[in-house]
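In structure tokens, the next block holds one chain alone, the form predicted alone.
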Amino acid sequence: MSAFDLSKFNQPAPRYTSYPTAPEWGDLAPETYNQKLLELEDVPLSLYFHIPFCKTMCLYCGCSVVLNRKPENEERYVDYLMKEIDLVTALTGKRRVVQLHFGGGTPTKLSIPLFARLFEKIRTSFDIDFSQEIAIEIDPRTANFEKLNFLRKIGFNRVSFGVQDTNWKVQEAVKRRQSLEMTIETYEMARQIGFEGVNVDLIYGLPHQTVETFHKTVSDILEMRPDRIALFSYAKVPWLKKHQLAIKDETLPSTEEKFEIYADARKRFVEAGYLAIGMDHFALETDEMAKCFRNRTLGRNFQGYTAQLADEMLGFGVTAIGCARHTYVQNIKDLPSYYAALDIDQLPVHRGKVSTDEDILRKWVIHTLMATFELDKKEFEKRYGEPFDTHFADILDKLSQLEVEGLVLNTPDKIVATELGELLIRVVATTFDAYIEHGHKKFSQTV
């Protein structure tokens, strides 16, 4: 992996969990979102609920988090979530839901009675298809048998455990102390209780990580053999997350070593029987995500790669993001303003973006490449009524350069990422981003 110059590929680039990406969004009136909700066709929905509360801050964290140790604050938040549900369903009616995801923060920080009250509200306000994916992110430090058993009994069938790294020195450096014994115990409890899918999240590029130390972490995870593994690159964005400044640059692996950590882990997961999916996910062949990858129905949204069970996703809670009728919507980012909007019976919309026809076209191209590593030009023409090479005539030179650099093969019928291109698929995707060169937006590095 060291036979080429990484530096020319290590550039700021989006992760393309949306297109247009979030820096391109602007003010969006709540009335616009109201109208989009009214226009929703009779199709299944995906729902996302953001529970922002954490007891402590992990230094690598890029999520929207509220540090809180007072249960009454969580009770108040649930009350307002329920009000937001009422405002949305007044516009949509009781709709079928085929995908439900709880993220954070730490969703399991809610007490069992409080979670039960919120979940009953969701269950009665929507028609939840419990045979589909009902998932929750879990910090093993906040989970016990009682809570996991409760979650399974009310209908959750998939859990994602945040692990990041099993090495104590790395954990100490990022203030995420979680013993391997605790991780294994929580994982085995989830299996015993009967969750149909168990995922593990890892992060590479953290302080004091080396190829050797992370090799051991990979071994620890392979011993457990989760259904899915997410291997995220540490997104260093201190201009957005000030607490990341506490991580000193000199403790981080070099660009070259970070890439070697990723490449070694990816190779070992594949050799252990996992299918490499997109740039950072791995799944056993029996897992639904692997099946979606094989049949080219894999989706991408703000949870990363996902089994695309619904085209319309509604977000609930502070900072939550959704997409309805090709319109991205993000909720207000601070709790007082979130509460104030709901107090006047107004959906707590902060910003968003109504996609143009060109945005929709380019989103399909970018997400197809991100999810499948290839693009069928004939399929593009069938969808959009114009030859691919004609529509993108202005970037054919850039595609030729990517081919020279060994990232893609560009034939008359297809664009296919090479093995190197798969590892650097964000670089390939930027070629089709009409906004990337305007405004010099800040993004995390591709390596």
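All figures in this text were calculated on a predicted structure; none of them were measured in a lab. So that there is no doubt, residue numbering starts at 1 and follows the sequence shown.
Omitted from view is the form predicted in complex with a small molecule, to which the following refers.
I'd like to know whether Ile366 contacts the small molecule in the predicted bound form, with contact meaning heavy atoms within 4.5 angstroms. Although the small molecule is absent here, Ile366 would stay clear of it in the predicted bound form, with no heavy atoms inside 4.5 Å.
Could you tell me if Gly105 has a non-hydrogen atom within 4.5 Å of the small molecule in the predicted bound form? Gly105 belongs to the contact set for the small molecule.
Although the partner isn't part of this model, could you tell me whether Ile261 comes within 4.5 Å of the small molecule in the predicted bound form, counting any heavy atom of the residue? No, Ile261 sits far enough from the small molecule in the predicted bound form that none of its heavy atoms falls within 4.5 Å.
Given that the small molecule is not shown alongside this chain, does Asp201 nevertheless sit within 4.5 Å of it in the predicted bound form, heavy atom to heavy atom? Residue-level check for Asp201: yes, a contact with the small molecule.
What is the one choice in Ile138, Val329, Ile134, Ile229 with a heavy atom within 4.5 Å of the small molecule in the predicted bound form? Checked against the cut-off, the match is Ile138.
If the cut-off is 4.5 angstroms on heavy atoms, which of these, Gly197, Gly278, Gly162, Pro207, is the one near the small molecule in the predicted bound form? Contact check passes for Gly162.
Of the listed stretches (318-326, 76-84, 209-217, 229-237), which one has a non-hydrogen atom within 4.5 Å of the small molecule in the predicted bound form? That would be stretch 229-237.
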